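One chain is shown next in structure tokens, namely the form predicted alone.
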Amino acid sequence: MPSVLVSVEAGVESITLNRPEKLNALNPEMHQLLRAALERAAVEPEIRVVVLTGAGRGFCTGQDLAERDVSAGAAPIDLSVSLGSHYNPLVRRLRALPKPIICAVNGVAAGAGANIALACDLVIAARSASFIQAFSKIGLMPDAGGSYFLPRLIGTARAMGLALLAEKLDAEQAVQWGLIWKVVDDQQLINEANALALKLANGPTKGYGLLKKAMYASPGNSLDAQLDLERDLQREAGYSEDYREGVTAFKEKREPRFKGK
């Protein structure tokens, strides 16, 4: 079985991390398969939303540490290589994809695994799921966007506590803090994620992509810069067929039939 499973149905690309015996810890092969799946989603018009989840009892525990030799006498490992080659490009692809990405966290999300989940647009977690910034336990700092996402989502005080103490944050607390979107019962996780994905797959795909661009630019912009960006992106949205269909459907008092154009 491949270490990442990919399927497309009804406009939804489902990506499943598939090393359950390793709690879906990431290795180079998985990064390559994730890259291919996200690049496909970016260019194929029939794909209008992505769902990312994990197989087994965990979502992802980050880097597979078993693949790194840190024994006495071994050469020091330059961790910037894997970040520059794999993790940073992955986070950038998730954020830049002009289509919604739902992450269904089915169990523990630790280290880079937690931050990859936070790079997605909507995070739905099973009630038994948890998030752990495990880096300090092995003498590291948060990566894969953790030092960027956490302060913006939950504030510096809580972000610092999670990073320094590496304590487990359960799904219920994560949603109360605003770290994630929603918590559901374990047995309902995939059904909830798929229902949300189908709703988004039938929505105005072009507008969703522009929405993402505006939201993710906002923290670094002044009000004037953000107003200018809204103006420019709204111009682009207004030229879309989906906008025309949305207004027509509103006037005709019916549900819109968006085509993602």
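Because the structure is a prediction, the values reported are computed rather than measured. Residue numbers here begin at 1 and follow the sequence given.
Heads up, the form predicted together with a small molecule isn't pictured, but that's what we're talking about next.
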*asked:* Using a 4.5 angstroms cut-off on non-hydrogen atoms, would Gly62 count as touching the small molecule in the predicted complex?
replied: yes
_4.5 angstroms heavy atom contact with the small molecule in the predicted complex for Glu252_ = no
*Contact between Ala66 and the small molecule in the predicted complex at 4.5 Å, heavy atoms?*
yes
*Could you confirm whether Leu79 comes within 4.5 Å of the small molecule in the predicted complex, counting heavy atoms only?*
yes
*Work out which of Val184, Val91, Ala134, Leu122 lies within 4.5 Å of the small molecule in the predicted complex, going by heavy atoms.*
Ala134
*Tell me, which of Ile138, Ala75, Leu165, Ala157 has a heavy atom within 4.5 angstroms of the small molecule in the predicted complex?*
Ile138
*Would you point out which of 185 to 193, 170 to 178, 126 to 134, 145 to 153 contains residues with a non-hydrogen atom within 4.5 Å of the small molecule in the predicted complex?*
126 to 134
